[in-house]
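Alright, here's a single protein chain in two forms, structure 1 and structure 2, each given by itself as structure tokens.
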Structure 1
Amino acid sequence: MVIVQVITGGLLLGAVYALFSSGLTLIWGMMNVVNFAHGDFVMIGMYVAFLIYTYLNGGPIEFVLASAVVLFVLGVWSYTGLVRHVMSGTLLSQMLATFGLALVLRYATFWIFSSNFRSLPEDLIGGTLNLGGILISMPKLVAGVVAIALTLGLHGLLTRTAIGSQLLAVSEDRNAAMLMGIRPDRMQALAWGLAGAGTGIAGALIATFYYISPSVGETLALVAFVVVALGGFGSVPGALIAGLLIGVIQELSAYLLGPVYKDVVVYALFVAVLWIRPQGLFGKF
């Protein structure tokens, strides 16, 4: 019985991982740019939720939407104001640019909100669901459902719509896309905006059951990178499956072997998978 609860917990945690990783994989897949500020985007999303709740009395629907809008703008701005300019530089300068952005966001938050930990009230999105003795945390369940919806939505957008084709065209061959009348800058700004919005939704939802602090992004970002690399660079459904996988493996190994060993198990499996399939589970090379 406990094992079922452990696995349920793992799936819920995995869904949360998948949720905050989808934005990262989109940018990675579309542009081959690693957004090191991703964890801090999640953190900003959490603070937007906190502000809307605290000062405007907004509920989950309001602050999730607000966070999506704010992060869409931040995403577009990150591209037009920063990434576009460093794209012509070396790989190193691209990496350091987003890393710099991460530090600016993190320490600006320290400055504005101080280092205090905050949290939203427990029961904003329901409490705990009891399914025949198996406890399911409602906020995590909602996060999981949204993660799946977001994944399907992004996947559908990329594979079924004209905008998706244009996005993919730009990521495949910028010059050819330009000759076809697509404006690459506009498309890439859109990709950053969409990734930002997804990340904003993730951050706001996570804020309903997690603590909020300026350095929370640091803790979450590493997991996001592992999820995306394991799922396959740029594969949106891959991130969902990898997230669930990592969540379950972490919880099981923590319960069976002890919490200090869970990361050893996860990262050992991660390295092993990449050794056999460098492109990740669902990545195309």
Structure 2
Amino acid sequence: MVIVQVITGGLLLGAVYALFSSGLTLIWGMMNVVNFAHGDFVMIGMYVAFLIYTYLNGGPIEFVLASAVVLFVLGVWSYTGLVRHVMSGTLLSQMLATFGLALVLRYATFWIFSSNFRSLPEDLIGGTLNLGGILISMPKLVAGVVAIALTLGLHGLLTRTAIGSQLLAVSEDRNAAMLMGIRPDRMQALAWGLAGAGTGIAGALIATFYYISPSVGETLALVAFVVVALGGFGSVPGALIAGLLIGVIQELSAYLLGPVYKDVVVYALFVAVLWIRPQGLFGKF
């Protein structure tokens, strides 16, 4: 029964991993650009939730929506103000640009909030659900269910809507998309905005049961890269399945080997995937 509870917790945590990792895979699928600031976007979402709750007395719905809006704007700005200008350069310049953005966000947050850990009240989404002896934390349950719904919604947007068709057209052939009347810059800015909104929502959800710190983005970024590498760069369904798998592996490793080993196991899996199957589990989108 304990193992079942651990696996359930891992699935719920993995769903949140999948939500913010799907934004990373969306950007890669659109532009072949790796956003090293992705984990710091999640961290900013956590701080937005903290500020909305602390200073405006907003509840989960308010700070989740606020985080989505703020990070959507940050995502669009990151593309229009930075990424668009380095896309014609070398891969190294693109990597350094997003890495520099990550450092700016991280150390600006250190300067504003200091390095002290913060958290939201444990009873904000209170209670524990008992399902036949399996105890499930309500914050994790809400976060996991919302994350799965939004990840599937993103996949549906990409595959079943006109906007999604335009996004996919730009990812396949930018010049051909322009001949069809699609504006690639607008679509790529939208992709960054959607990715940002996903990280904002994920950050706000994680903040209900996880510590908040300027350095938390580093850990979450590494998780996102493992998820995307396992699921396949450019595949949202792959990110969902890989996120769930990584969440379960983390929780089982913490239970069976000890919390200190859970990240070691995940990163070992990352190396193994790159060695055995570098293309991941699935193809694009």
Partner chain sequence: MRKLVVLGASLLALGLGWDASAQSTIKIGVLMPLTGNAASAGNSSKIAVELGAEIVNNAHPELAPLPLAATAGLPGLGGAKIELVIADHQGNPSVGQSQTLRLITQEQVIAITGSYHSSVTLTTSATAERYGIPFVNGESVAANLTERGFKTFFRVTPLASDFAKNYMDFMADLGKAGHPVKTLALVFENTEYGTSVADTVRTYAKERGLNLVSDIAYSANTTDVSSQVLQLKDKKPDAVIFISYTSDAILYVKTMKALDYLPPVMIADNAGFSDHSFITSSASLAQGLMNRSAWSIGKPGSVTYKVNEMFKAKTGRDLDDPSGRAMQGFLVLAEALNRAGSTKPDAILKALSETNLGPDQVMMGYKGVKFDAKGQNTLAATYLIQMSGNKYVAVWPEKSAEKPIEWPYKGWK
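Reference numbering: structure 1, starting with residue 1. We call the rigid core whatever largest set of C-alpha positions still superposes within 1.5 Å between the two forms. Not measured: the values here are computed from a predicted model.
- The form predicted on its own is structure 2, not structure 1.
- After superposition on the rigid core, the Cα atom of residue 264 is displaced by 4.5 Å between structures 1 and 2.
- If you overlay the core, the Cα of residue 274 moves by 3.9 Å between structures 1 and 2.
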